[in-house]
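Only one chain is given next, in structure tokens, and it is the form predicted on its own.
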Amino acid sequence: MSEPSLSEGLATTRSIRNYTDEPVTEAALARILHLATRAPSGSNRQPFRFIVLRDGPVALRVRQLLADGAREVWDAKRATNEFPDRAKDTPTSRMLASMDAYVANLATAPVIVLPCMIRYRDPVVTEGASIYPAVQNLLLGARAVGLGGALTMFHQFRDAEIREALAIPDEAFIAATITIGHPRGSHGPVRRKPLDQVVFEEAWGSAPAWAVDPPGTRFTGGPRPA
């Protein structure tokens, strides 16, 4: 399988939550994490660290903690009717079904990666700039080698227990929970808002004439009105 071009990878890397039973090889993991570590960071400090959870005894314990937290938060979201459009065969209903299955199977995802960042100063809003580029590189790296991934924040609901189990030092924080595996479906062009709704020039809300999506672009909510 040939790797996608950079442009293709950027345009087609979607969240993959449903995986086959095919194992993720150590060579693939090494490739993905190498690409993740090529990301930029503030002052080139490279404060990112990645904890890989596979099938060791500690990993299995942390996987269950993550699954318990995921179930707790997802049940709460479902109970608040946060997603009112539940009609059959709508984007919302398909997303809900996908998330139900994802949460139910989270503990057995082929690989889970916890990207962490070592803080080198008191927490500030901008510190994510030194870890989330690496997170995106990781997801794009998975796409490059034929795998898929999904980013969540489920660790937040069992953070203390996970930190203790993995001996994460006080100066480091967990930035995300990422599952990785061989897609049961496939990647494909993602749907987003039209360029002229999100790109402005000179003033807020002023879309430039050149902010035009390439032919064939698919948009959130269906075809772009003429």
Ligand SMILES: Cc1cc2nc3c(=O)[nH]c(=O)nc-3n(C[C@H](O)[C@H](O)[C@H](O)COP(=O)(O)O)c2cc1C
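Just so we're clear, the structure is a prediction, and the values are computed from it rather than from any experiment. The first residue of the sequence shown is number 1, and the count goes up from there.
This protein has a second form, the form predicted in complex with the ligand, left out of what is shown; the following refers to that one.
Asks: What I'd like checked is whether Arg17, Tyr102 and Arg192 together line the ligand in the model of the complex, meaning each has a non-hydrogen atom within 4.5 Å of it.
Replies: Checking in the model of the complex: Arg17, Tyr102 and Arg192 are all within 4.5 Å of the ligand.
Asks: Tell me which stretch of 27-35, 158-166, 184-192, 42-50 has a heavy atom within 4.5 angstroms of the ligand in the model of the complex.
Replies: Among the listed stretches, the partner-contacting one is 184-192.
Asks: Would you mind picking the one in Met117, Leu114, Ala109, Leu151 that has a heavy atom within 4.5 Å of the ligand in the model of the complex?
Replies: Here the answer is residue option Leu151.
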